[in-house]
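Coming up is one lone chain in structure tokens, specifically the form predicted alone.
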């Protein structure tokens, strides 16, 4: 069972690496969608070590519906509302972003080596995979200019927190996990609507150019 968990964690990590090197918004959205789908079996695989029940099954279904289908649909709709299909001028280039991703992976392994897992919780890859996705999501938020890409970075960071929660705190109540998922869904839903209207009205979603907006003309 551990080999399946580790394989799933490796694939989740690879999707974040691909996202760091992707310039097309469509590719970035598909990577986040794939990551959401790959996250869904994690509760079942981790619970399978002691026999999974309805809690793990409900969490897996909610994860694939919200993270694998709902969020990507909202982001794809926001992209269709504007004219831009690429992240044209990132603050940090794509090759440098990939190099930074490798360095973040090393940092994640170094940090996780100093944070031992509780006995019987997860596998040795759970902690570094969670930390890497959190760091990668923060890097995407800081290094990109398009609001859509920054929201995708936020989702990757939240996915890292999800891996941490499912892998480490597997005994927390189901309602807490579903409540967090619904909170994130509400936040992304609002951001998706805002980005959709930004794309339609301004023909771009560059957050740096938002500083040029004024409520009134200066005399």
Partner chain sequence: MSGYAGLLAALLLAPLLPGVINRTKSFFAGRRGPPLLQAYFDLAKLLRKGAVYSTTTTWLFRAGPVVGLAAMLVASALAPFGGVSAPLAFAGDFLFFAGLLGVTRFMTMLAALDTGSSFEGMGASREAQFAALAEPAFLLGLTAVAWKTGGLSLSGMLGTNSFATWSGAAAPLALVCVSLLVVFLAENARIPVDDPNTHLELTMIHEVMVLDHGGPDLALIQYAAALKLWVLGSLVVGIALPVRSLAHGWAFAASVAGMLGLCVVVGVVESCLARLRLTRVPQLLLGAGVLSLLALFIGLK
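Since the model is a prediction, treat every value here as computed from it, not as a measurement. Residue numbers count along the first chain shown, from 1.
Although not depicted, the form predicted in complex with the partner chain is the subject of the following passage.
Of the heavy atoms in residue 128, some are within 4.5 Å of the partner chain in the predicted complex. In the predicted complex, no heavy atom of residue 143 sits within 4.5 Å of the partner chain.
In the predicted complex, the partner chain lies within 4.5 Å of some heavy atom of residue 94. Mapping the unseen interface onto this chain, residue 90 falls outside it, with no heavy atom inside 4.5 Å of the partner chain in the predicted complex.
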